[in-house]
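The chain below stands alone and is given as structure tokens, in the form predicted alone.
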């Protein structure tokens, strides 16, 4: 039995997230369909994380346990030939038998892209949160620094999550600007359900004056979801990097 590590990227606009669901098209299902078309067997694919509907990935990792003898380079070419244009396989390597795409992951980096202009961008609406009011990226960068460290992020987890351990270590949180594009970048050893999108919503509500500046540490300490900001739209969110 071989254990293959695939690195893929995808535009999540047309998908209901990564994980297979009933009556909904997902990235995992689409990749499994393509793999079955090539090796004529429906092998299981294990992803590095779940993603919400409409969320994208510049880098997403998954492993496949298979008895197929197809060479890695040929598998990459074959998958890219049958996959839809919004999913691409970037690499495939042989992994150790005990490698697990999710449990062996040491850290992930997400970026959230905000198109900050009074004029919407028709070429970015599927890949940014289009927000027309002024954002001070230097000020928001200073506020974002309060996310860093090892904390219980219950206040930044959406209701309905079944995760028992809500402690995560954030190693980097920053806000930058390139023209009209404002980007929030965050790295951590793991993320809770909707955590990044709630972080972004909190920063925007600080910008709007709905949440007082400098209170992110208090919000974290409270553990109360009602104290943090709204959940930002999924279109701007990208899983950007995965490290093992």
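Positions refer to the first chain, counted from 1. Just so we're clear, the structure is a prediction, and the values are computed from it rather than from any experiment.
As for the form predicted in complex with another copy of the chain, it is not shown, yet the points below apply to it.
Proximity to another copy of the chain in the predicted complex, taken as a non-hydrogen atom within 4.5 angstroms, holds for one residue of 152, 124, 146, 109, which is 124. Residue in contact with another copy of the chain in the predicted complex (any heavy atom within 4.5 Å), chosen from 157, 170, 83, 140: 83. Stretch 52-60 is the answer when you ask which of 36-44, 189-197, 65-73, 52-60 has residues with heavy atoms within 4.5 Å of another copy of the chain in the predicted complex. For the chain shown alone, residue 93 is not a contact residue for another copy of the chain in the predicted complex, no non-hydrogen atom being within 4.5 angstroms. Another copy of the chain is not drawn, but in the predicted complex it has no heavy atom within 4.5 Å of residue 135. In the predicted complex, at least one heavy atom of residue 119 sits within 4.5 Å of another copy of the chain. Within this chain, residue 105 is remote from the site of another copy of the chain in the predicted complex, having no heavy atom within 4.5 Å.
Residues are counted as partner-facing when one of their heavy atoms sits within 4.5 Å of another copy of the chain in the predicted complex; in 4-29 these are 9, 10, 11, in sequence order.
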